[in-house]
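In structure tokens, the next block holds one chain alone, the form predicted alone.
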């Protein structure tokens, strides 16, 4: 598999259990930053009636498309380009938007673009599910997350572990209400937001 991610392989089981709990069997899900497609493949194998829309940055899309084509999974739609900097999103509405390990990789402004874009394509009652590490009240949950933040910033100064409160505030401003902050393995969280009904 091209661009294989050990992190995606490690966390796919625990995330699947939350998806089973929160998603309707035929939910239409938009995945932001599908990477190698490991989550799309794992989740749709377990939940084959989902309609899973993978997306990626143009530079990564060919590897993603190749991986998914090999599987030939009916529940997975052909992957689409989604560049957060371009702020151009696939046509909704979607029942859920899912993004794993994206918020700390992209800049703060692109993370905010993700929140705005998700709110724009979710139907009323739709969910935004964000997986990854967060700081709470300015503090890291573990020393390993602090070290990870330093590694991220050395690689790209615009990246880094985000403040939960800042993410939740932007989400609320665009009509996304926090429903659950689920502790996950390896010092990660799964933040579950729901789209308020539009006026």
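Numbering follows the first chain given and starts at 1. The structure presented is a predicted model; accordingly, all values stated were derived computationally and were not measured.
Keep in mind that the form predicted together with a small molecule is not shown, yet the notes after this line are about it.
- Taken together, 35, 56 and 105 are fully in contact with the small molecule in the model of the complex: each brings a heavy atom within 4.5 Å.
- Residue-level contacts in the model of the complex: of 115, 84, 122, 76, one residue has a heavy atom within 4.5 Å of the small molecule, and it is 84.
- Picking from 25-33, 134-142, 169-177, 44-52 the stretch near the small molecule in the model of the complex, with a 4.5 Å limit on heavy atoms, gives 25-33.
- The small molecule in the model of the complex comes within 4.5 Å of no heavy atom belonging to residue 63.
- Residue contact check for residue 100: one or more of its heavy atoms lie within 4.5 Å of the small molecule in the model of the complex.
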